[in-house]
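First, one chain by itself in structure tokens, the form predicted on its own.
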Amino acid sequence: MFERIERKGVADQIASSLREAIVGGRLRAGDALPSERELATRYEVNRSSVREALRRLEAWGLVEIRQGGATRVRDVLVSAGLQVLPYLIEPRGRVNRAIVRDLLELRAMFLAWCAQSAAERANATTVARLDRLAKALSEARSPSELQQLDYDFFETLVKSSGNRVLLLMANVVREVYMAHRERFVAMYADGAFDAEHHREAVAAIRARNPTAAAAAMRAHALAGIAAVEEIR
């Protein structure tokens, strides 16, 4: 865990090493980290680099630094921010299936609410783009093409909401999704994906029917969860 660190980006590398240990469970909530002096010795770096790395861990909500006391690991799911979500998906090279499901459930809520919002406020340009994407999804054949088009549809819905906080949260979803696309490809296998949900959503948005739009996107998201669950 405490490999020698190269000089370039020293603090980044130390912070990444310790973050991986915390997220992966090798360092648990309540554990005390070695002292700055000991970490500097183990990583073969100076103490200022270690201090900077610890500050980053503190900013992420992963540790608590106490003056004159030990730096202790915090409970990730209680204290950490959304920026650590990408690292929770695959700690130590193994997929955290519970986190994947939680992410997909969050996606279902996003999709339903954004479709409802789009039905209430989307302009003609947005509706036309959604319609083009729905048609492209109907014609796509490969899982990778379906995956990209489906994400484009999701992103268009999010942008149409005009909700700035939701846009920031969607950025986190995008980072996780794009970094681990292979983990979600099962949602686009033969028999798992049905573009009819998207066509129904577009029709409901055009008709200004928020309830139907939300129902169509919720059905799409739940089908995706079921598809991922089946391969476990």
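Whichever C-alpha set is largest while still superposing within 1.5 Å between the two forms counts as the rigid core. Note that residue numbering begins at 1 and tracks the sequence as displayed. Bear in mind that the values here come from a model prediction, so they are computed numbers and not experimental data.
Keep in mind that the form predicted in complex with the DNA is not shown, yet the notes after this line are about it.
Engineer: Please name which of the stretches 150 to 158, 112 to 120, 134 to 142, 69 to 77 has residues with heavy atoms lying within 4.5 Å of the DNA in the predicted complex.
Structural biologist: Careful reading of the contacts points to 69 to 77.
Engineer: Can you tell me if G25 lies within 4.5 angstroms of the DNA in the predicted complex, counting non-hydrogen atoms only?
Structural biologist: G25: no, not in contact with the DNA in the predicted complex.
Engineer: Is there a heavy atom of R164 lying 4.5 Å or less from a heavy atom of the DNA in the predicted complex?
Structural biologist: Result no; R164 lies far from the DNA in the predicted complex.
Engineer: Examine R42 and determine whether its closest non-hydrogen atom to the DNA in the predicted complex is within 4.5 angstroms.
Structural biologist: Contact check for R42: no, nothing within 4.5 Å of the DNA in the predicted complex.
Engineer: Is I65 close to the DNA in the predicted complex, meaning a heavy atom pair under 4.5 Å apart or at it?
Structural biologist: Yes - in the predicted complex, heavy atoms of I65 and the DNA come within 4.5 Å of each other.
Engineer: Please tell me whether the candidate spot formed by P86, R97 and R101 is one where all three residues come within 4.5 Å of the DNA in the predicted complex (heavy atoms).
Structural biologist: No residue of the spot touches the DNA in the predicted complex.
Engineer: Heavy atom within 4.5 Å of the DNA in the predicted complex: which of A21, A215, V10, A221?
Structural biologist: Flagged contact: V10.
Engineer: Can you name the residues of 45 to 60 that have a non-hydrogen atom within 4.5 angstroms of the DNA in the predicted complex?
Structural biologist: Read in sequence order, the residues that approach the DNA (within 4.5 Å, in the predicted complex) are V45, N46, R47, S48, S49, R51, E52, R55.
Engineer: Tell me whether A170 is among the residues that move between this form and the one not shown (Cα shift of 2 angstroms or more, core superposed).
Structural biologist: No, A170 moves less than 2 Å.
Engineer: Does R72 move appreciably between this form and the one not shown, meaning a CA displacement of 2 Å or more on the superposed rigid core?
Structural biologist: Yes, its C-alpha moves 2 Å or more.
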